[in-house]
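So this first bit is one chain, no partners, the form predicted on its own, shown in structure tokens.
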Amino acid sequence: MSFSFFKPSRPKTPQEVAKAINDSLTALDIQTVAEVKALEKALEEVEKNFGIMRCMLVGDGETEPNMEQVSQLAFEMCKEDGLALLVHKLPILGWEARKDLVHCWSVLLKQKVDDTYCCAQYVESHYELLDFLVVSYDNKEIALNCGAMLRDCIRFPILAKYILESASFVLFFKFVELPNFDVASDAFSTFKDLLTKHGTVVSEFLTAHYDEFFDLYEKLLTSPNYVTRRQSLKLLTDFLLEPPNSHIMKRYILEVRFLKVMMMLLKDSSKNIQIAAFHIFKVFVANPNKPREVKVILAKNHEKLTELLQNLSAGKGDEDDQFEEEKELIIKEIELVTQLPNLGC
């Protein structure tokens, strides 16, 4: 008598897992799943295959993943266009399947095959996938999933560069102010990664798109939304004062309109925003090459600025001491500007 039916089924190979995933995702075609029951069955099959993929990529909690199989699965998912299917079918997947997909996406992008990040290279050859993920912030059902997948992509300079230079990048200025707080916060996290992860890439982008970018960024700094103002001001400090962007900063602090924005933020009702604004405002004032227009604005407003600064305090021990020293230097510099001849004040 045979008891073979008690034997565990043979584990699938990476090739078989990739094929099963592709087949089950392809079966989600609307014409194939016109009936609700058919759709439910197709989604169950996808979820099952994603579970197998996740187990192969990260192990099952008891057994560590076989790295040779992990590499092979990454290769197969690229070879059969499985990565494109993962992205494009994301909107119709269930919650559990989306969660597994995001986890597997992260592992796949980190996986090298013959010293090459083959999945990242695949995305590089299919940039439309990045555009799809960006615009999906408009779909609150999958926005957080797509945000996590985008941030995995942004770890690679070439992919970050594409997003920055793509037409879809300007959408982030809208997404960071979406009414759904969780989605807006996630969009801002992705926006921040784009502007801080790769200094040289960001510097090149800002150099080429200076006017367009800072016109849009000014709207964030002057937003009626407190969270937007605070986050965008903090982010401006994070990337504008970094060494690769020193030439951008030098250009920024020559412009009167941006000085006026910082002066307005110094009067904000939030102390946190006031202090953050001070750290950029002081660069305008300390600039030894201030243009005449900047000097005129500082001179005309020196009394109000002095009063604002005197009432501003960091209140954090040693940091407060440094802050007070900087503040006094800036107040003195403003006073010196008022004494300059021929400003017409």
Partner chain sequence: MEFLSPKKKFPLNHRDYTLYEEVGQGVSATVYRALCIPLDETVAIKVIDLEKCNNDMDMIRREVQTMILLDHPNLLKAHCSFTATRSLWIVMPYMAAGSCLHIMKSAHPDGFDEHSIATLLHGVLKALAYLHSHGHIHRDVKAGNILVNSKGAVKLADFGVSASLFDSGNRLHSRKTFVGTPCWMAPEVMQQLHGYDFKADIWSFGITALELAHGHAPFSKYPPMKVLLMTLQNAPPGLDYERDKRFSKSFKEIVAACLVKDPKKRPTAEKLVKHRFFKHARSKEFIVRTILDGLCPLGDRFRMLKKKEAAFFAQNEDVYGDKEHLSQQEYIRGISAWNFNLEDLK
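Not measured: the values here are computed from a predicted model. Numbering follows the first chain given and starts at 1.
Keep in mind that the form predicted in complex with the partner chain is missing from the display, and what follows is about it.
Participant: Give me the residue from Lys250, Lys260, Lys140, Lys219 that has a heavy atom within 4.5 Å of the partner chain in the predicted complex.
Facilitator: Result of the distance check: Lys140.
Participant: Considering the partner chain in the predicted complex, which of Glu128, Asp215, Asp182, Asp81 comes within 4.5 Å of it through any heavy atom?
Facilitator: Among Glu128, Asp215, Asp182, Asp81, a heavy atom within 4.5 Å of the partner chain in the predicted complex occurs only for Asp182.
Participant: Is the gap between Asn272 and the partner chain in the predicted complex 4.5 Å or less for some heavy atom pair?
Facilitator: The answer is yes: Asn272 has a heavy atom within 4.5 Å of the partner chain.
Participant: Is there a heavy atom of Ala38 no more than 4.5 Å from a heavy atom of the partner chain in the predicted complex?
Facilitator: No, no contact at 4.5 Å.
Participant: Wondering, does Gln72 line up within 4.5 Å of the partner chain in the predicted complex on heavy atoms?
Facilitator: Gln72: no, not in contact with the partner chain in the predicted complex.
Participant: Could you tell me if Val256 has a non-hydrogen atom within 4.5 Å of the partner chain in the predicted complex?
Facilitator: Although the partner chain is absent here, Val256 would stay clear of it in the predicted complex, with no heavy atoms inside 4.5 Å.
Participant: Please pick out the stretch from 161-169, 188-196, 201-209, 82-90 that is in contact with the partner chain in the predicted complex, where contact means heavy atoms within 4.5 Å.
Facilitator: Looking at the other structure, the answer is 188-196.
Participant: So, Ser223, Lys282 and Lys332: all three within 4.5 Å of the partner chain in the predicted complex by heavy atoms, or not?
Facilitator: The answer is no: none of the three residues contacts the partner (heavy atom, 4.5 Å cut-off).
Participant: If you apply a 4.5 angstroms heavy atom cut-off, which residues in 200-233 are near the partner chain in the predicted complex?
Facilitator: Stretch hits, in order: Asn225, Tyr226, Val227, Arg230, Gln231.
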